[in-house]
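Only one chain is included here, represented as structure tokens and corresponding to the form predicted on its own.
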């Protein structure tokens, strides 16, 4: 069902320069994927921070006007909780250990990626709701326009941002389209019964949980008719949190979505779900076991271990070419068979 690229990982943090000379890249992960100018493009999430001084920890925050604020503290300061390398906490306030922006790379063959020419390759945070960075962008094409849905992070929470472009030079930025706390937003690439559809992952506090919801819109900006369509499953590989990959794939059997799930140890695997063609709120089938799980060293060990996370692919016939982040540190690729996934869901038999 899954064939990893022999050259994995195909991009590491050594392949990219930090945005500032006094900063260092800690992670390269979770690319959006699209085609443009007869090339394959990745929109990477690049997480960086200032070079660390011995005995101290420093973390960055953007200000709304584009400046940078640095918070520094003694690594032995007991008032700081640094047990999770992704985030630090003090006095009930959470700070990210790194700050993320988006970075473009392109390829002629899908395996060897390089910095593009004549296009600004860095997409940075803008405004009050992105001061902790922008993350995990999905890219879909609707009406010959590229739609970028991504995670906005700030002291106000985690929400979903939207930018649009036709040429990857000029961008239109919209206000936050899904309120905090929400992320993992992916658009369907065509209307269904006159409406646009999206899946996202709001997070419940107390009641509820990290479930996948479906929403509709007349214009891709104003969203409503929200329905919870998938919950975590107690005792299974996806019992702690779940979230969408990228745009669902239209098949004759339904909309096929590759999603991620994590357990209580934050081990991230990939599964699949099939949604009804005319009413995507109806779940027709869902993976009992993962279709892909961390097994390779680059997936098992890294900045955050035991992680496979995807939010980008392209489709040619039966083949999904998927790019994914491994252990929150490197970029990898794999091919998957649509029919094999459907067979694993007991939708078809190809034996």
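Residue numbers count along the first chain shown, from 1. A quick note: this is a predicted structure, and the numbers were derived from the prediction, not measured.
Not on display, but discussed next: the form predicted together with another copy of the chain.
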property	result
Site check 274, 339 and 344: each within 4.5 Å of another copy of the chain in the predicted complex by heavy atom	no
Interface stretch in the predicted complex with another copy of the chain - options 243 to 251, 164 to 172, 256 to 264, 222 to 230, non-hydrogen atom within 4.5 Å	222 to 230
Exercise: residue 145 in contact with another copy of the chain in the predicted complex, heavy atom 4.5 Å	no
is_contact(residue 155, another copy of the chain) in the predicted complex, heavy atom dist at most 4.5 Å	yes
Any non-hydrogen atom of residue 211 within 4.5 angstroms of another copy of the chain in the predicted complex	yes
Close approach of residue 112 to another copy of the chain in the predicted complex, 4.5 Å, heavy atom	no
The unique member of 120, 203, 124, 107 whose heavy atoms fall within 4.5 Å of another copy of the chain in the predicted complex	203
Listed residue (237, 188, 80, 129) with a non-hydrogen atom within 4.5 angstroms of another copy of the chain in the predicted complex	129
Stretch 38 to 58 - residues with a heavy atom within 4.5 Å of another copy of the chain in the predicted complex	none
